[in-house]
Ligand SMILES: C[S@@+](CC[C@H](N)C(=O)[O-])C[C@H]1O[C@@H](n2cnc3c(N)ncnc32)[C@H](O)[C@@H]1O
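First, one chain by itself in structure tokens, the form predicted on its own.
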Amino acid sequence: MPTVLTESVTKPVSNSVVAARPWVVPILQCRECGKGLKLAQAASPKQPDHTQDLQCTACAYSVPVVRGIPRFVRTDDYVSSFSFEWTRFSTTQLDSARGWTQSEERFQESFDFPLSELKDKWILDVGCGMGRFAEIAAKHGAHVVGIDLSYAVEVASTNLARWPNAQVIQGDARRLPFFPESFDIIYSLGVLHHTPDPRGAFEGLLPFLKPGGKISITLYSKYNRVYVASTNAWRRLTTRLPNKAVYGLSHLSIPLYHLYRIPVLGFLGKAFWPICMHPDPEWRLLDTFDCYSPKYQNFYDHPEVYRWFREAGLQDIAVLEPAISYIGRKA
């Protein structure tokens, strides 16, 4: 069940952002009349952390800014599992917290140019989660806007608080609150396959890309048919269970990792109940939960996603790693 935005959804933390970044306001668009928005102090806040509003310059439309996060939605809709996931695993994949570069290395795989070229670019991170990749973009000097439908935005805002060039927004990727052609780069890595209509969500991002800008996405691969069939079979059960129950079951991945490394036995085990095989136990638990808890989960092959890019008129289309990853340039 979706959760509704209230003060008690998550607790504010001491180092979270308490005001929206002013630089993001000029690209925000009223979803009622299409005009611009402006920041204003909340006249009578209903929540202690609701200190600002984004108000339309032409109509009565307004958006609350709670704990520094503009809230263009009132609930986390179909992604409540991700609200749970990223609150629990708030720094598991965060390079700065773990003292490694795994996320930066993964991020670089999604671009056909060095990350140093991100400097001063306007970037949209679609499905930012807890800010794993937005942190990398901010570190390389981009103006990065992370948007997520889930309450992961609370964690992301905390994780990105030290970066004045990063802003987190709670909103729906299917109805983005930006003016057209606002971004030099849009990326969505491992997110669109969790939406009800992944291709429609992808095509809906393109109007917000500047001419000559690039879009990069990663989707789950359908090539391992045993994995796809097995996870889909289990998900008929797990997607009906409470998040806490799936989280509890996912702990089995920690000891099973060692069993699954045994030849033959491991092959049979992974065919019966696939788990993440990352060597870090916390990461393994996270990715196993991530597999079995989301409401929507889709798999693709290269020809299908290539057609998305080609039929959208994108140019310089390139195949990247991992899974089904593509990047293209807007004409």
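Numbers for residues come from their place in the sequence shown, where the first is 1. It should be emphasised that the depicted structure is a prediction, and the values quoted were computed from it without experimental measurement.
What follows is about the form predicted in complex with this ligand, which we do not show.
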Heavy atom within 4.5 Å of this ligand in the predicted complex - residue from Gly190, Pro198, Gly213, Pro177:
Gly190
Assert contact residue (this ligand, in the predicted complex, non-hydrogen atom within 4.5 Å, options Asn159, Ser150, Gln167, Ser253) equals Ser150
Would you confirm whether the three residues Phe89, Glu282 and Thr288 all fall within 4.5 Å of this ligand in the predicted complex, going by non-hydrogen atoms?
no
At the 4.5 Å heavy atom threshold, is Val79 in contact with this ligand in the predicted complex?
yes
Spell out, yes or no, whether the shortest heavy atom distance between Cys128 and this ligand in the predicted complex is within 4.5 Å.
yes
Using a 4.5 angstroms cut-off on non-hydrogen atoms, would Ala173 count as touching this ligand in the predicted complex?
yes
My question is simply whether His194 lines the interface with this ligand in the predicted complex - judged by any non-hydrogen atom within 4.5 Å.
yes
In the predicted complex, segment of 94 to 102, 79 to 87, 240 to 248, 221 to 229 with a heavy atom within 4.5 Å of this ligand:
79 to 87
